[in-house]
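Only one chain is included here, represented as structure tokens and corresponding to the form predicted on its own.
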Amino acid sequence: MLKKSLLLLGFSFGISYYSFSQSLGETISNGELHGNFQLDAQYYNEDSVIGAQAVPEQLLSNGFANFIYTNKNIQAGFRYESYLNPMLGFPTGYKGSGIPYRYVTFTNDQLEVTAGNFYDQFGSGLIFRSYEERGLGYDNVMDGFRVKYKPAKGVYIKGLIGRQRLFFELGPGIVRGLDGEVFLNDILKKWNEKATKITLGASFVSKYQPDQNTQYILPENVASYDLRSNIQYKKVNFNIEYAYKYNDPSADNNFIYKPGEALLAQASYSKKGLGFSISGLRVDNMSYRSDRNQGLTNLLINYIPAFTRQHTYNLLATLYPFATQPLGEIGGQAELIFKIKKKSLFGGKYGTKILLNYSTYYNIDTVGLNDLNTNRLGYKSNYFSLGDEKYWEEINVEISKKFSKKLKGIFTYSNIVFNQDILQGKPGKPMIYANIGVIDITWKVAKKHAVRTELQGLFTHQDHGSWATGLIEYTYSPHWFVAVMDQYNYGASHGEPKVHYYYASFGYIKNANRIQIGYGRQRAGIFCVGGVCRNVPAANGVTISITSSF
């Protein structure tokens, strides 16, 4: 009897498994699978002239592949990553391989639920932003649950709970958050057709980490909130946001108990041929991590936006870029873009586009408190007063001009004031005053042939002195390109060598596939994206990059 029962159970299980497998197969076949792949590798040579060291492995590589499956209201995916070993300049914690990102998302008309990993942001990110910047080796993806709900038209709510990625592990802290937005023009009938559009938002985030400190009594739960509004009237837009973080002693602020605050305001106006924007930001003690003992960019819960011009040219982007200061900064930027009409005196046949940008940042005005043995608030600050130390200033002018159907150019000038002590962590180093000019010319030689040249110059008496960069790039559309670049610090002084940082590359593109191979030198310095930075060491060798998507 027992044998018959087992046989029947086995037979039933087999039938069920076959039916499930057949159903799963039909489900997969009816869905859609897509993804992308990237592999970057470098073979390293020793180069005593620039201080580049050989590595024991000789070859280092960073790679990843994303796979995303969608079927009606279900989406699932994962990312495999491999660092064997991490390329120089990337955090060594990424050493190894694994699947640090995997998720399943279910969606219907009003509800969306994600289990596993996810990226998200509340408002401008002042109290929460989970994102990745692969070029910096930055990834603080959440691992847990997220729920989005739309209870009514114009009302959006989302909540989340999870832990943050720390290389191939998770940080010890738990992050909880709730965010809501209301679009008043949707929920108030009499506002449906009004020219003024108003959106209100609010967020709440808290982190939990056990107190294991033997010196201080630390709060295990640290809360923060954010209030914001966006008002748009025809061509004018205004946005304001305020964030508050309760006492959060950490290694960043020397374990003081002072609360943190941030205030952000933006206004803009745009119409055809004209655009203007102005942004202001004040930040005070807003470093917010899910592990109070971490440093660098590890386990940051929030994000401080950088209101400066984001550059792409070599000398502008890599020598003296701005880095945000979460412990305290006040500043902002103003930008004007306008186009001189065609067939006018300065517009010429095709018109001329001009961009003017100004940005500056200072420390906040503070008064120290002698209370490190009592309340440990550390200092107090005057809210709208500038401090006496300038961190950054830039005046930037960019002119884009098309001269003919085959010839166009971009001409850029920047005047930069850069505080090495604060922005690069070099105590005692003098303030840098630099003038930078860029000439970027593209010549369409024939239907599929184009040549682009860049001439860049950075002029300063501080740091490593003046630099020059020259680049020439030839493109044979749509598949081939080749480029040669040389960066030369001809103004080096104090006994430093005057070095050529040469680099040559070529590549092939077909459909979604791209392969690039290069050889040359890489200057040691700082690489930044959106105010978040990492140190890049000097290197010499062959690089290869392969990307593809499907």
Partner chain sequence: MRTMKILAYTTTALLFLSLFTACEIVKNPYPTQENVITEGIVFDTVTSTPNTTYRSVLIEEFTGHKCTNCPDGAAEIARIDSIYGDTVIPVSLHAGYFALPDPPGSGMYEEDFTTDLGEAFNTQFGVAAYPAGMVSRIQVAGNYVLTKTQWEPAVQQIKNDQPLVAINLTNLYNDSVRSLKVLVDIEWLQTASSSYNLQVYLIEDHIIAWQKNGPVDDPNYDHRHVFRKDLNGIWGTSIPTSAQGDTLHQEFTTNVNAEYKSKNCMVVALIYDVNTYEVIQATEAHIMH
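Positions refer to the first chain, counted from 1. Since this is a predicted model, take the numbers as computed values, not measurements.
Below: the form predicted together with the partner chain, not depicted.
Novice: Would all three of 176, 220 and 373 be in contact with the partner chain in the predicted bound form, where contact means some heavy atom lies within 4.5 Å?
Specialist: Yes, the whole trio is in contact, each within 4.5 Å by some heavy atom.
Novice: Quick one: of 257, 443, 119, 269, which gets a non-hydrogen atom within 4.5 angstroms of the partner chain in the predicted bound form?
Specialist: Comparing distances to the partner chain in the predicted bound form, the residue within 4.5 Å is 257.
Novice: Select from the listed residues 92, 212, 196, 73 the one whose heavy atoms reach within 4.5 Å of the partner chain in the predicted bound form.
Specialist: Partner contact (heavy atom, 4.5 Å) among the options: 212.
Novice: Within 4.5 Å, heavy atoms only, one stretch in 451-459, 349-357, 240-248, 383-391 touches the partner chain in the predicted bound form. Which?
Specialist: Heavy-atom contact with the partner occurs in 240-248.
Novice: Answer for residue 276 alone: is it within 4.5 Å of the partner chain in the predicted bound form, judged on heavy atom distances?
Specialist: Because no heavy atom of residue 276 falls inside 4.5 Å of the partner chain in the predicted bound form, the answer is no.
Novice: Applying a 4.5 Å heavy atom distance criterion, does residue 157 contact the partner chain in the predicted bound form?
Specialist: Yes, residue 157 lies within 4.5 Å of the partner chain in the predicted bound form.
Novice: Taking the partner chain as it sits in the predicted bound form, is residue 476 in contact with it (heavy atom to heavy atom, 4.5 Å or less)?
Specialist: Contact check for residue 476: no, nothing within 4.5 Å of the partner chain in the predicted bound form.
Novice: Please run the contact check for residue 187 against the partner chain in the predicted bound form: heavy atoms, 4.5 angstroms, yes or no?
Specialist: Yes - in the predicted bound form, heavy atoms of residue 187 and the partner chain come within 4.5 Å of each other.
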